[in-house]
Every structure is written in structure tokens, then in C-alpha cells.
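Quick setup: one chain, the form predicted alone, written in C-alpha cells, and binding and motion questions come after.
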């Protein structure tokens, strides 16, 4: 009896075990995917059904009504959210891109870069309410008032680690030959970074900024301690409470007034649709760059 004949039953048992394991894993993954899709679909369906009921022209033209009032809209909250998000992204984007560039191009394996990565990971996973408390202590208490500036800074702190991580990862994916080609032409490192590596990784960097924008668009906890909310238009200096969609949704959803609850559903649907639209636009912008 040769060795092949002796090992044939063992090989059959091994193959059978692998087939069973493969089938079990496939069934488990499919079941988990179906459950996730059903849960997500149910949430989206409920959001669409409830939110569309409140979509009226007044929703985008009138400020939020007082307690127990009928009608009204969320125009002041929409404008306030746009302003706060714009401040947060405007502050976070240059800081995050430059920090990510340092980690990928200059720091690399240095001790300082390791410390920055460690702190960035802490910020990335830190509860947003702690960031709100930090900004409250840093800005709101010394200024003696809630403000849109404090809300924008809180959102910027949340967005920075996302941009830093994505920028570093995208720049590390750029082939080293591109950098060497730029250096061979006599270009200094700064020119190579701005003209070669940034352009090569622009699609990924933009994606990181979009992810950061999506992260801060629905943040509620930090705004409760910084910008708070109000039922009227905010002042030009952004001092005092600034109306915004996340806090408005939180407060109106917990209220006993049906009108406020309907506006909360409409606001939640608006935020979801806005993030979806930004993702689609980002893909349309990035796609031509990838095909070059």
C-alpha cells in the first residue's frame, strides 16, 4: 500500500471539514448582512415616512416656533448648522492636512510622530461630550456666553483626527518613485509634496474631509455645551445661543408637542439627505481624478 492510498481518507476528511467551515462562515456572513440591511432599511424607511410629513415650504423659510405653537419651520436651525459646520471644517482642514502631511512625509518613524499618532488616536475615539466640556471650559466660561465660535471650535476638534488619519494613510499609498522623480529634477521636498504627492492623493484627502464633514454634521453633545440653541435667528457676531439642527432635533424630539416632534423628524431627514448628497457629489468629483 503506497502513501497516497494511506493519506486519501485523511485528505477527504480535511476537505470535508473545510467545506463545512466555508459553508458555515458564508451562511453566517449572509445572515449578518441581511440583518444589518433590514435594520438599516427599517430606520431609513421610518425616517422617510415620518420626515416627509413635515416637508413644507415653511420648513425652509420660517424659524422654529415656540412651545405649543403651530406652524413654523427650521430655517434658523439650518442656517446655524451651516455656519457652525463651515467654521469647524475651515479650521480643521488645514490643521488636519498639514499634520497628516508631516506624519507621512517628514516625521514618519520619529518619536514625535509616534506621540502625535497616539494623541490623534485618543482624539479619534474620545467621546464628543468630553470635547464639548473641554471647549466649554476653554471658551464659554471665560467669554461668559454660549457662542457659535465655541461650537465651531468643538466641531473642528472632532474633525481634525479624521482628516489627519486619512491624509496620512493616503499619502503613504503614493509610490515612492514619484517622490524620487521629483527629487531627481531638483525640486525641494516642499515642492514635491505640493505638486506631486498632494495631487496624487487628492482624491483620498477630499474623501477624508467629506468623512469629517459627515462626522460633525450630526454631532449634538458638544453643541449642547458650546452653541446651545434658540428659537430665533442668531446675531452676526455669533454670540449667545445659536440655533442648529442636531440640538433642535434632540430638544424637539423629547418634547410633548406634536408640532415640534414633526419638525424633529423633518430635520433628521434633512441631515441624512444632505450627508448622502455630499457623498454622491464627492464620488462624482473624485471619479475623474481616479481615471487619469
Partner chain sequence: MPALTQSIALSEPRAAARKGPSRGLDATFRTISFGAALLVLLVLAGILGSIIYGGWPAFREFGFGFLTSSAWNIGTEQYGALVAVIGTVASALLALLIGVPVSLGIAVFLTQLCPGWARKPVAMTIELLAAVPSIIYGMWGLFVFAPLFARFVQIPVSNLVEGMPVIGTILYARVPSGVGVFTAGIILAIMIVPFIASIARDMLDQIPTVLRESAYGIGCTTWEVVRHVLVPQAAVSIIGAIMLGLGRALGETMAVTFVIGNANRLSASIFDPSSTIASRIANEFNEADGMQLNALMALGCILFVITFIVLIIARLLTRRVRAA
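The model shown is predicted, which means the values in this text are computed figures rather than measured ones. Residue numbers count along the first chain shown, from 1.
The discussion below concerns the form predicted together with the partner chain, not included here.
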Okay, which stretch from 174 to 182, 200 to 208, 124 to 132, 78 to 86 lines the partner chain in the predicted complex, with non-hydrogen atoms inside 4.5 Å?
-> 124 to 132
Does residue 39 reach the partner chain in the predicted complex if we count a contact as any heavy atom within 4.5 Å?
-> yes
According to a 4.5 angstroms non-hydrogen atom cut-off, is residue 157 in contact with the partner chain in the predicted complex?
-> yes
Looking in the predicted complex, any heavy atom of residue 254 within 4.5 Å of the partner chain?
-> yes
With a 4.5 Å heavy atom cut-off, would you call residue 47 a contact of the partner chain in the predicted complex?
-> yes
Kindly confirm or deny that 60, 90 and 213 each have some heavy atom within 4.5 angstroms of the partner chain in the predicted complex.
-> no
Out of 18 to 43, which residues reach within 4.5 Å of the partner chain in the predicted complex, heavy atoms considered?
-> 18, 21, 22, 25, 26, 29, 30, 32, 33, 36, 37, 39, 40, 42, 43
